[in-house]
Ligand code: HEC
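Take a look at this single chain, the form predicted on its own, given in structure tokens.
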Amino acid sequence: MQQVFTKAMARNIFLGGAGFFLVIYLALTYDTWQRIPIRDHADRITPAVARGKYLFDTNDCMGCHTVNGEGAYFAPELGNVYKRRGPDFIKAWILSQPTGVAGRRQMPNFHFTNDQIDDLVAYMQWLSNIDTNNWPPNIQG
């Protein structure tokens, strides 16, 4: 057995390892891209969902809330709020803001119409059906 570790041996180990992990990376990337259409349910985007997403973005809801763990951590997670609370609670909550409870964070009243609130609820329902691999790990976000 050779006792000297040469530059050629080090290069071969590096190139072999780099090649091996590149193949693993490409295989996992391919697998991920194959699963995206199955998991994102983009085919279920209705005009109401699109309008709700537009309202969500133009009113900067992610400035306070998170969606599937992304966004600000000031207010509750909205990716699963439809499953946690239901459509009636969401509508009532949006309409009753701000609550005026002292010492609590207050959501502003955006003066949405009933149709706009229905669109937001449709968007929240669509969000709740995304397969997120159980992320965020706790139900409250």
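Predicted model only: the values in this text are computed from it and were never measured. A residue's number is simply how far along the shown sequence it sits, counting from 1.
Unshown form predicted in complex with the named molecule; subsequent notes refer to it.
Q: Spell out, yes or no, whether the shortest heavy atom distance between Arg104 and the named molecule in the predicted bound form is within 4.5 Å.
A: Within the cut-off, so yes.
Q: Would you classify Pro37 as touching the named molecule in the predicted bound form, given a 4.5 Å non-hydrogen atom cut-off?
A: No, Pro37 stays farther than 4.5 Å from the named molecule in the predicted bound form.
Q: Wondering, does Asn59 line up within 4.5 Å of the named molecule in the predicted bound form on heavy atoms?
A: Looking in the predicted bound form, residue contacts with the named molecule include Asn59, since a heavy atom lies within 4.5 Å.
Q: Closest heavy atom of Pro76 to the named molecule in the predicted bound form, within 4.5 Å or not?
A: Judged by the heavy-atom cut-off of 4.5 Å, Pro76 is in contact with the named molecule in the predicted bound form.
Q: Using a 4.5 Å cut-off on heavy atoms, what residues in 66-98 are near the named molecule in the predicted bound form?
A: Counting only heavy atoms within 4.5 Å of the named molecule in the predicted bound form, the contacting residues of 66-98 are Phe74, Ala75, Pro76, Leu78, Val81, Arg84, Arg85, Phe89, Ile90, Trp93, Ile94.
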